[in-house]
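The form predicted on its own is given below as one chain in structure tokens.
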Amino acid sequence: MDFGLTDEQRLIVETTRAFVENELYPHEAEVERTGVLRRELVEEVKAKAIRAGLYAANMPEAVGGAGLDTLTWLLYEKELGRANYALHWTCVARPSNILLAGTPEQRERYLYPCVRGEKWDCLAMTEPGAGSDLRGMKATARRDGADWVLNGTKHFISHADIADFAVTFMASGEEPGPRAPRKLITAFFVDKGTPGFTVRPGYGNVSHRGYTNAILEFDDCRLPAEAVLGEVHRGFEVANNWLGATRLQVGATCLGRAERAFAHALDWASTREQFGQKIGRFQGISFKLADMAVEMKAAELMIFEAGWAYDRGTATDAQMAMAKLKATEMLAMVADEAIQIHGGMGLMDELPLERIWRDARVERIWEGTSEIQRHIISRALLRPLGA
């Protein structure tokens, strides 16, 4: 693995960082204060992101994206991760790679408009009774002639309020399992406005103000056969083959926020004076900085090594789980210590630290909880031994 960045990678990092600092940072206070990301602001910043070549940069060149390899994409995600999540995710959208699994007709209807910034997508899997255990989902899809009829509820669906359609996963049948029947899952495109499909406001939460979640309700929602994404009953395969390294994406954005928090902590420790000297000279502060730097470096190496391996087809589930686990738990530690170094000032909203601290909490939950990551890792360790 070459630890140096190419000229192209450096340019992408510099361009993305400048965009974040110049176009996203100035709007953070408004979003944090109101909890709302104004549509006018979205359109304004989105237009700038498109002109800068940063919009939908995760997509292949063949469909209008930047065609970044995984490692370069993670470098880009790290820089975007420095800013308020609602701003960077909505204004510099990265459509889900699962849209690439669509038929030519589905790509025309859903993928290309998302890449051009004309539509937004959302992904609907989680249910009130089925989070990490997707096989436990209760929402169903049943055949009715040539159509499918969907019933059930999804929740915690990110930005579904602004999405034009949802890629929705439903239990569509059963197959024999080693201990009990296993549910078969099918993925569907469901357009906003389809009869029987209702999007309701979700829950208020402590993390990522302005980045909303919603509750999706399906009440005899009828869809044509052409709405199926991938093959019938093969929804898990569609997700596994096309969703990509989303756990690494989460980890990369955590790296960006950790670096921002650390920079504030380092600056404060080197300028703040107490008892006649800079507080960074006190071992209680200097050792915190050292520990933060070590944890950040370890997480960065794990994320980027996994991205490098992903491009070569050698990344394992355990490797990506380790990277996601390390980066998300590192961010929690760095954010907390940065506040501790600042003392009371760290909790004031004049600085981004209290936001980073709040936002860090969700990272250990979504895209697989820390416990699920540990399960993946331990299973990979024990299975070869027959345990």
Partner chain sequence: MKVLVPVKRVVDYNVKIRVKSDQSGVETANVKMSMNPFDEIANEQAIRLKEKGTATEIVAVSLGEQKCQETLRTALAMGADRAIHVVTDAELQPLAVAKCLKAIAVREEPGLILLGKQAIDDDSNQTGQMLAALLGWAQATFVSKLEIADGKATCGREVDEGIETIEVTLPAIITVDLRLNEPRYASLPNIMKAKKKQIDSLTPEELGVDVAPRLVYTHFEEPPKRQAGVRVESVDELVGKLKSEAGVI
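Positions refer to the first chain, counted from 1. Quick caveat: nothing in here was measured; it's all calculated off a predicted structure.
In what follows, reference is made to the form predicted in complex with its partner chain, a form of this protein that is not presented.
Not displayed here, its partner chain is approached by L68 to within 4.5 Å at the level of heavy atoms in the predicted complex. Taking the partner from the other structure, its partner chain in the predicted complex has no heavy atom within 4.5 Å of any heavy atom of V36. In the predicted complex, at least one heavy atom of G53 sits within 4.5 Å of its partner chain.
Residue contact with its partner chain in the predicted complex: E14 places a heavy atom within 4.5 Å of it. With the partner omitted here, the stretch from 328 to 336, 344 to 352, 60 to 68, 358 to 366 that lies within 4.5 Å of its partner chain by heavy atoms in the predicted complex is 60 to 68.
D267 is the sole member of E175, D144, E226, D267 with a non-hydrogen atom within 4.5 Å of its partner chain in the predicted complex. Looking at 106 to 140, no residue comes within 4.5 Å of its partner chain in the predicted complex, counting any heavy atom.
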